[in-house]
Structures are given as C-alpha cells and as structure tokens.
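The chain that follows stands alone, in the form predicted on its own, written as structure tokens.
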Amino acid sequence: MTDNPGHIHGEVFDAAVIGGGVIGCALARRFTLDGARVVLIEKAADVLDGASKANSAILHTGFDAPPGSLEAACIAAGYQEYMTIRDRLNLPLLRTGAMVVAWSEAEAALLPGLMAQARQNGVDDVMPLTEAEARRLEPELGPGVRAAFRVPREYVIDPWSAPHAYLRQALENGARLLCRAEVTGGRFDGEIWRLETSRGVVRAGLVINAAGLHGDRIDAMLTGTQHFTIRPRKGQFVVYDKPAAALTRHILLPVPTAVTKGVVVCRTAFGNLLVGPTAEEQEDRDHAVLVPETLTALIRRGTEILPALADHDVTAIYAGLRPATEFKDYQIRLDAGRRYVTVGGIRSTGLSSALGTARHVHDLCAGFGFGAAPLADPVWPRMAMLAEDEIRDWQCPGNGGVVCHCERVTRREIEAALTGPLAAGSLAGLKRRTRVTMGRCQGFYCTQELAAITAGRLDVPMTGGDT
C-alpha cells in the first residue's frame, strides 16, 4: 500500500473519506478528479474488506428501485458513468440482460406493476415474455414458469476491479490511502476536522463517513447523533464450476419482495455460475458465517430454477453482509455546519450506484470551496483484465508462466498486484486483484509457489511450504 502515515499526518486534506468499500473508493475518485486533496482511511489491511467483498456483481439499471428515491437516482447516474468510463479503465462487461421470472400465478400478477415501475425509473426497454417466449430464451429453465419479462441492459461486471480502478485512479492523481487505521475519535474546531486513528491523527476540512456496516457508530462517535441503525443482512452464495455457465444466458432474477431482490442465478465475469444471495438478518457486523443447511437449500433452489445444475460441481461457497437499515432508501445526510457527510444504508445496489452516489455527495459539498478546478488531464490507469471471455495475461508473451492453473493467473499478474499504488495488503486482497487460488482446486496446487512469491510482502504472511 502507498500509505505513509508520517507524510499523511503532516498534511491538511480537503476531504477525508472513512471506509475503503466501493462507495469510499468512488468518493475518493470523484473528489480527487474535481481537484480536492483526498485521504481515504480504512481500518483493514486492504480495501474492499467489508461489505464490498461479497456481492452478486450485477450492474443494475435500477428498474425495481422505488421511483423518486435517492437510490434510483444514484443507480441511474452510476450505471451511466460506468458505461462511459469502463473502456478507459479496461473494466469488463458481460452483456447478458436479465430476466425476471414468475414462478407462481401470484408472482405473475406482479409483473405488470414491476414493468410500469421500471418505466417510471427510465428503464423503458423492458419486454414482457410468455412462458413459451421465456423458455425459448432460456431452454434450461425448470418447470413452473408462469411468465417473465426481460431487462436488456442489466449486465454482469467484475465486482472488484471496478472499485479498485476508482481508487487507483484517485491515487495516481494525488489521493492518499491509509490502511490499518481505525478511526477512534475526532473533533471539528469550526474549520478543520482532527480525526484520531489507530495510526495517528488525520486532519481534513471535510469528513465523509462511508464506513458501511459501522456507519451509524462512526456518526455517533464523531457527531453525537445517529439518524439510522445498521441492521446487517447476511447473504450466502454458491459458485458452480465453469461448465455450468453454459446453462443460462441471462441474469435470472426472481420477483423481488419488499426486503430483498431474492435468489439470483447468473454467470460471473470469471466464467462461473452463481446462485444467491440469501437475506438473513443478524446482529453480528463483522462475521458472515456459512450455514450448511442454508447452503443446501440454496443449492436446491438453484436446481429448481435450472435442473441441469444437479449435474455440475460446486467450486466455492461464501457469504457477505449488506449494511441495511430500518429505511428502504439510502441514508445520505450533509451536516454543512460541521462539514460532515454520512453515506449510509447503501445495500446490495452499491456496486451499481457507487459512481452516482459519489457524484451526488460531491454536489452536496459544492459550496465548501475546495478543489479549485477539476484536473485538466487526469491519469487513467488500465486495470488487469480478468474476465473469462476477454484476452487474459496467460495468452500474452512474457507473463512469467502460469501460477494458478485453475484461474490461469500468471506470475506477472501476481507481481503487478503486489506492487504499485494499490498493492495488495493481504491474501484476500491478492485474490480480489488476480483470482489466484479461487478456482476449482481452491489453491491446493499453487499455494506453495504463491507463498514463495508473496513472502515478506503481505501484512499477514501465507502459511505452508518451507518458504
């Protein structure tokens, strides 16, 4: 990581962003590109280590967001900006489209209202489908389909390269990153915030709380007020081996409820097939425990949707937590007097909305006077391409050889992820940057070589072998 606490503590930043999730990364980018001096503070050893480490990796259009909501506006703006910048940042896009499938007459009765809601949200290309039309598009669908509609512009993306790209662009244009720095207190003297962290004091003219699962607690600690309460919602996922991806072309969505978008079946950018998430309320904000009975039910549901899944192997299982609150909409609040912004309650749509959310927050702070002018010629980093259907590094000369054969990760990709302005700080971070050890063997064959390559370069060393 490029954090240098000694240097950071000697500066007064225009903006300090608390939280290195997808929202924090997008905020750091937006404020930096618009001319502000930014520091991003993350308590973990690497970014994307909280809620953003686990999601469905879908670029949503916002067709089912509450019309007129802040969430709908941020998703629409975020979607548009992603489509505008992705080529320059070398970010993948699987143009799958989505299909909302009704499995009962009661669900089928809800489809016209959902399509009307989509059109209210500006998603006016949704198309109703009869059962026969749905089956022509998705021949592997199980029995029980009543009707469906198609959302052509719902796509699959890489859940990690996008936020990494946002933050890396911020860093390469002057932003700073301070990891392993938990915020423990702070005060505002009328002009400058003085944030106390486990790695020293950070001073900034504006504080943006994007702390995700701990956002309400940061509010209470820094401002003495709390306008929402985080209610962690666990999502468990099952990932199938790559041959299963041929079973579907679309993102298969259920009819959403007031609580959740429901269990999704879709391909991933990495060539697998994903089933999940669940939506389970819990108190614990830090641990998402996998439950065998729930995973069995998830596998059963996946096989009901695509019966042929029964013949395919599960590669991996994982779980994450969404920072839900007691409110349906995002909780973004500006305290202009204290030059403080809370960006809370960003649930499962955060990956899609991040760029729009960042722009909204920047607009809220437009009168604060920092950032004399947007950068005239910002650096545009090119991210490593990890999508299965794109040209990968293993196909290019001079890559140093393949280390992880399941995911075809090269030595050159690993070395690149361990260096530079956004170097991996942990094995989990290295996985998110390269997909090393995330294939069918889950690192059984490449762990020893990987341990040798990463020796002395991660905050928490890998174990195994004699290295």
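When you see a residue number, it is the position in the sequence shown, counting from 1. It should be emphasised that the depicted structure is a prediction, and the values quoted were computed from it without experimental measurement.
The form predicted in complex with a small molecule is left out here; the points below concern that form.
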* Asked: Could you tell me if R433 has a non-hydrogen atom within 4.5 Å of the small molecule in the predicted complex?
  -> no
* To do: Answer for R301 alone: is it within 4.5 Å of the small molecule in the predicted complex, judged on heavy atom distances?
  => no
* Non-hydrogen atom contact R29 with the small molecule in the predicted complex at 4.5 angstroms -> no
* Asked: So in the predicted complex, does Q169 come within 4.5 Å of the small molecule, heavy atom to heavy atom?
  -> no
* To do: Spot the stretch among 112 to 120, 181 to 189, 94 to 102, 383 to 391 with residues whose non-hydrogen atoms come within 4.5 Å of the small molecule in the predicted complex.
  => 181 to 189
* Among A245, V145, I317, I218, which has any heavy atom within 4.5 Å of the small molecule in the predicted complex? -> I218
* Structure fact -> Of R176, R322, H250, H164, the only residue with a heavy atom within 4.5 Å of the small molecule in the predicted complex is R322
* To do: Indicate whether the candidate residues K43, A51 and N55 are all in contact with the small molecule in the predicted complex, with contact defined as any heavy atom within 4.5 Å.
  => yes
